[in-house]
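Presented as structure tokens, the chain that follows is alone, the form predicted on its own.
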Amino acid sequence: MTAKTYDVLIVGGGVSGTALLYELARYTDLDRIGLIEKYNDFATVNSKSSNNSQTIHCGDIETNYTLEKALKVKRTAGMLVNYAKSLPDDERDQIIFKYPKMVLGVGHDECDFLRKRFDVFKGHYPGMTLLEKEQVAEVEPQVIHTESGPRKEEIIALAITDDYTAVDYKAISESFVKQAQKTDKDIDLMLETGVHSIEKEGEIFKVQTNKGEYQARFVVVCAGGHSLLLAQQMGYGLNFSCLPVAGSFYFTPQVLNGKVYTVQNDKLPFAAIHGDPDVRVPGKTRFGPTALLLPMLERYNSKTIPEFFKVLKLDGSVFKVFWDLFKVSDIRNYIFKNFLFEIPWVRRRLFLKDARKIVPGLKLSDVTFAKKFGGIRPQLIDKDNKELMLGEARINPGTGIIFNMTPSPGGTSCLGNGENDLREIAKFLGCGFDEEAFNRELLDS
């Protein structure tokens, strides 16, 4: 039990919650800030390095992004990089990493698509280059060369060869907390503290946990699918259902020097296969993700299965979304195929075929299933419009509480999402916001 009333209480200690903690501590005049995390450490769920692709999404090689969305993501990705570059070199080098990255076009249609995309995007991404097959081979030899010679298909790539492209989201979460604690603010960190419910009495929110009650003038929930669960307990977001999409990965020997993405199928609301260096597993290339619909809010945590069914709220609107997904043959076949990816003997053989689009010389003996790698993305279903919502979601009833659910590029956008929350908090509480310092340090403007 605590008698303290926080100015802001953050629920969730992943990269989104800790980014907001840092921004509030550094750029506002709020004095009392608290963060509640149910586990005994920060960033142990989707922000954990093994549970995501560790990519800094800038919008340059993500072919499912429009130019408008790409430029928004570019801005928030720049904030993340600017933050990390402000740290001492030894700290920075444990958080962000430089690897070449590219999106690969295989065959005439994909190559034609990438050439047109390059013409549109090159003015906004000065570091982007268009690589022909021979140039791709210079950056990623095993993408082109096989034992029988160069692959025959037409191939080009849009590439960024000299930039920060990878991040350990757990490491940056820990850094956000460390830097927030260096300010003169009164900051409390409540680990191993699970939230049961949130209620508002008058102007104060009362947060009930396994360790008693905490009070705050403003609450921000950054807890993945559990954000929707807590929102619906308060009567908010009842028009949403949750579709948890789990991603799995495979390891091979180090066959790539950097990140190699493939062109997104615009009929699929799931990430296309890519190969990445794993910043915490040297000497390996990690391929994935597969996409599997799982009835839980946290991967490998069966205790969250009942919580999933609470937010599923299965009715005709949800069935309509499922039907619309399954009646598209590309999506239906993709979902069935990804179920097979979870069957031990079958999955390596199936996945090998997909991975060979990137590295044609891979052998079955090269591929191993990455056990305990991969998280869950809580995609929302809009029951009013009977459609699947892609990307980030936010419930802000304007009453002093915000609920964030942040699938990709949520990690990349953590400081940008935090900025949105910070501005809402400043408006609601009437606190000061040092926008000049914010722009100078994070936006380099």
Ligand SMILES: Cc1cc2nc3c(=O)[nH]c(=O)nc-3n(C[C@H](O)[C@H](O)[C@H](O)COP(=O)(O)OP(=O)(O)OC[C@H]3O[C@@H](n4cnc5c(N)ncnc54)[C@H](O)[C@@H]3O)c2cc1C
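Note that the structure is a prediction, hence the values are computed from the model and not measured. Residue positions are given as counts along the sequence shown, with the first one as 1.
There is another form of this protein, the form predicted together with this ligand, and it is not shown here; the text below is about that form.
The chain is drawn here without this ligand; in the predicted complex, the stretch among 26-34, 381-389, 394-402, 46-54 whose residues come within 4.5 Å of it by any heavy atom is 46-54. In the predicted complex, this ligand lies farther than 4.5 Å from every heavy atom of Leu415. Using a 4.5 angstroms threshold between heavy atoms, Tyr99 stays clear of this ligand in the predicted complex. With a 4.5 Å cutoff on heavy atoms, Leu158 does not count as touching this ligand in the predicted complex; it lies far away. For Val11, a non-hydrogen atom is located within 4.5 Å of this ligand in the predicted complex, even though that partner is not displayed. Listed residues Pro277, Pro269, Gly375, Pro244 were compared with this ligand in the predicted complex; Gly375 is the one with a heavy atom within 4.5 Å.
A single residue from the set Val367, Ile144, Val103, Val195 has any heavy atom within 4.5 angstroms of this ligand in the predicted complex; that residue is Val195. Scanning 221-256 for heavy atoms within 4.5 Å of this ligand in the predicted complex gives Cys222, Ala223, Gly224, His226, Leu230, Gly247, Phe249 in sequence order.
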